[in-house]
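Okay, here we've got a single chain as structure tokens, the form predicted on its own, with questions on binding and movement later.
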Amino acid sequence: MKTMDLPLDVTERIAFRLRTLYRKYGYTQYKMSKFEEYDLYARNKDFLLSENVITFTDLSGKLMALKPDVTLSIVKNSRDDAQGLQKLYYHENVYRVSKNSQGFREIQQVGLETLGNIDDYCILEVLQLAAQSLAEISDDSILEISHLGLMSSLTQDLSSDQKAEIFRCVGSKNLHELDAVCKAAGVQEETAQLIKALASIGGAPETVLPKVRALLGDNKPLQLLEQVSAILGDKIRIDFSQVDDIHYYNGIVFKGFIRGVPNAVLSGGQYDKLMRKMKRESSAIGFAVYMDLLERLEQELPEYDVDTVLLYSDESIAEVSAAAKALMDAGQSVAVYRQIPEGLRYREAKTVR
């Protein structure tokens, strides 16, 4: 696992590496306001990680919110160009309930969005960047991928509510309840068995995808997964129980995990349905890295906080400065004090002479 010098620097160091990575691929930074009208989030609560939003009334009487999400703001404020392509990355603070604290926090979030005429290469590039983002965080990581088109093809004749119930059961891998939900929805037994089989499949692409081909035959979602898997190789695994809200997402969805953190630290997917809901003709795919969850990483701390503690008393400030500079020029880290602070870890203590 990659290690940092100090725990307080972990998220900033990772964010710097991610920004550098995204710029390397030609993504440009998107800056936004801390505030949005609350109505944007009220209309899309299901898209948020938490329905809890900090609100206030501005001087004009509008109900505003400290933004709990970046994607909604980007979609709302970016141009709608269904023929072109916008590749954007962001490093923003969002305000929401943290899984770590169960209270509101200001949380760094880093991610990217590609909007416009999304083709298979765009999807591959975003998945590559998601996998590389995980690698920048930890050497022990995995990107789990699914394609909602496969499960949707088996539920296309059902109502939205019936589909949502089936997807809920699939997401929790509750196959017993899935049986009951399929029966209540009037799903034919053969189709219900295919849904259960697909929900149960997960693992390395070379093992999973032939099973899917045997179950469902050739189709475009499977072809895309095969192409992506051939390029990304052992950086990914396939898990068809991974589903997101079908009212917003379509196509490829994915989550990133690293050892030592129980929750997904990265999440993303295609969200054309959200674009349509927001009256956009463009397509879109993107992901976010949840920096607050990275605080759970076990960091390898240095043995010492500083190489040398330089102590002084009545010496002139010029003498103290010269002594500190000499130590720094010799390659040491130096902390200058009149007396050694309690708890400071240091290799040696010296006195200005």
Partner chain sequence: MKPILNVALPKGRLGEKVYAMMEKAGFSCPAIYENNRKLIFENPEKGVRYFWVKPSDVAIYVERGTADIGIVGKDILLEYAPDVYELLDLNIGKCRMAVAAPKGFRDDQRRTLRVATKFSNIAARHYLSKGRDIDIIHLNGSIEVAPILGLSDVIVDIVETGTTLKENDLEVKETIVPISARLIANKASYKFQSDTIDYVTQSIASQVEETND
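Residue numbers count along the first chain shown, from 1. Just so you know, these numbers come straight off a predicted model, no measurement behind them.
There is another form of this protein, the form predicted together with its partner chain, and it is not shown here; the text below is about that form.
Residue 258 is the only one of 72, 154, 187, 258 with a heavy atom lying within 4.5 Å of its partner chain in the predicted complex. Comment: its partner chain is not present in this chain, but in the predicted complex one of 128, 263, 191, 219 has a heavy atom within 4.5 Å of it, namely 263. The closest non-hydrogen atom of residue 177 lies within 4.5 Å of its partner chain in the predicted complex.
Residue contact check for residue 80: none of its heavy atoms lie within 4.5 Å of its partner chain in the predicted complex. A residue is said to contact a partner when one of its heavy atoms sits within 4.5 Å of a partner heavy atom; residue 237 meets this definition for its partner chain in the predicted complex. When its partner chain is considered in the predicted complex, residue 144 lines it closely, a heavy atom lying within 4.5 Å.
Considering its partner chain in the predicted complex, the lone stretch of 155-163, 116-124, 237-245, 271-279 in range is 237-245 [heavy atom distance within 4.5 Å].
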